[in-house]
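Presented as structure tokens, the chain that follows is alone, the form predicted on its own.
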Amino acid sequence: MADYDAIIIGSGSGGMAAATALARAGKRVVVFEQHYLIGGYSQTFELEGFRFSPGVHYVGELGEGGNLRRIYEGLGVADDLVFFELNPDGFEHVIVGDERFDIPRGIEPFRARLKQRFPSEAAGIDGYLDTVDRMARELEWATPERLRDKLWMIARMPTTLRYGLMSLSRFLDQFTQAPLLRAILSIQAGDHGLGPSRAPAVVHAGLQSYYMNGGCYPRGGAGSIPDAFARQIRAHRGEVHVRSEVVRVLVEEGRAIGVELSDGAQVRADVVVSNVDPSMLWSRLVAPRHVSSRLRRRVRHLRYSVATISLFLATSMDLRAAGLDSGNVWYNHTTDIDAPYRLGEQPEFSNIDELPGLFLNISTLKDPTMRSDGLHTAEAFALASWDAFSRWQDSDPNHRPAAYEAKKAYIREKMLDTLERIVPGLRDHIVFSSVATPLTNERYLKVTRGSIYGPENSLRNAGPFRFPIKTEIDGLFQCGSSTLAPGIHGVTRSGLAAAAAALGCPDYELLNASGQSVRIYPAEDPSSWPPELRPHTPDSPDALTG
């Protein structure tokens, strides 16, 4: 007899969406998470009283009619979520050398601003944005199953077939040769993890379109999203367990029947949904005798996305006075957007004059309710390879060698050198900092080679070549960044798709909660928020009165 109807391995956005949908459908659900925090890359963690989010720094598709909004409302988690909209006049601040360009919300404002900055490139700007928009519209109807039908693709995806298989660099060649314009149009490649010379145009177009209407940040940090899912799961008698590592998927007669935990306990269920990456699932959790030779070969040769080095910091500096706001900052030293990705493939991280690129997120400007003491928290990310740190992978994570700690100190200084270009004087106002490497990602998130997007988003892993939701083992389903699409939207959709496949129903039938509404307020205008949300600073009247 089964202990549960469904077991979910991992509590990332995909796993939590699957668990919520199944629990709401009346199934007895349990989520097993190996970490002490839920959420995967959507978690929020605390260091010395400061809160940081390692993976989710903005979310799209939350406006009226947005797909992610529809999922949150339909799964009953929307009422537990509040989002702050990033500065609509510049939700992405692009800094290339000494040049700055602010990307506004909406394709037409973006188009107008590009033409104002590059008047001689007007025709190319129109061509690029119109083509991206057409590809994105074609992708709305594309499922892995439909993408295997060549006649369907020819009829419904002509723009994607013409342009989408090109590299982003070659795609840009069709419209412009202006170096700075090309840099602005491609710098968001950091959201899918491949530089312009290798990124498929269709992947970049889908990502760029997803954020075309701006972005939002969850109140309390990214961890508020898995927390909302957990509340809904428990409200429907489901369970979420942390510090519960799954070490084996139990298979009998070609069917998944449960899992074994690290303490030796075996838990049975009719359905198992995996929210771990393919190498973890098929090379470690499922015994080789249950895996086809074709799948073993694919996993063995699977190439993973870039990894990151991260600097989590707190500062006493007035960052708004320094010219920052709720928008993201994408910095590149030159117009060569491929440069950071080349660094991310180097086997050593040393002898670096200057980091070629960096992403900066100021969480306390996106969510002014996070702190009331005048301090700001921020996260900065640059690319680095797993190989540059692999020599220390077998060392005790609580007592890494001195050489590893020295490397982290080197990283801190290099990242601060680059941040000084964006925020002069920042180094002198740091009150806390901590560096993470690809080993940190692997330790806490169990991601292969410390990757940030799972398998790399090349053509080999795109569309019909992504891993299927329903696996070759009956009763075993998979979700996450290796399936439908990367990013929080893609993985959340994949969890819903896994639940629908397990139940044998269309996914829209699972979005049946009523009366739910995502709340979104402008990060730049706290005066427009409900009184209970407005931040209380030491200088505010409310703070003075108690």
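Bear in mind that the values here come from a model prediction, so they are computed numbers and not experimental data. Just count from 1 along the sequence shown to find any residue number.
Keep in mind that the form predicted together with a small molecule is not shown, yet the notes after this line are about it.
K.L.:
Would you please decide whether Tyr41 lies within 4.5 angstroms of the small molecule in the predicted complex, comparing each non-hydrogen atom pair?
P.N.:
Residue-level check for Tyr41: yes, a contact with the small molecule.
K.L.:
Although the small molecule is absent from this view, report whether Asp173 comes within 4.5 Å of it in the predicted complex, heavy atoms only.
P.N.:
Asp173: no contact with the small molecule in the predicted complex.
K.L.:
My question is simply whether Arg51 lines the interface with the small molecule in the predicted complex - judged by any non-hydrogen atom within 4.5 Å.
P.N.:
Residue-level check for Arg51: no, no contact with the small molecule.
K.L.:
Quick check on Phe477: any heavy atom within 4.5 Å of the small molecule in the predicted complex?
P.N.:
Flag for Phe477 set to no.
K.L.:
Residues Val56, Ile452 and Val491 are flagged as a possible site; in the predicted complex, is every one of them within 4.5 Å of the small molecule by some non-hydrogen atom?
P.N.:
Every listed residue reaches the small molecule in the predicted complex, so yes.
K.L.:
If you check Arg296, Arg268, Lys446, Arg198 against the small molecule in the predicted complex, which one has a heavy atom within 4.5 Å?
P.N.:
Selected option: Lys446.
K.L.:
Which pick from Ala388, Val329, Met280, Val240 sits with a heavy atom within 4.5 Å of the small molecule in the predicted complex?
P.N.:
Filtering the options by heavy-atom distance leaves Met280.
K.L.:
Where, among 335 to 343, 240 to 248, 296 to 304, 427 to 435, do residues come within 4.5 Å of the small molecule in the predicted complex by heavy atom distance?
P.N.:
It is the stretch 240 to 248.
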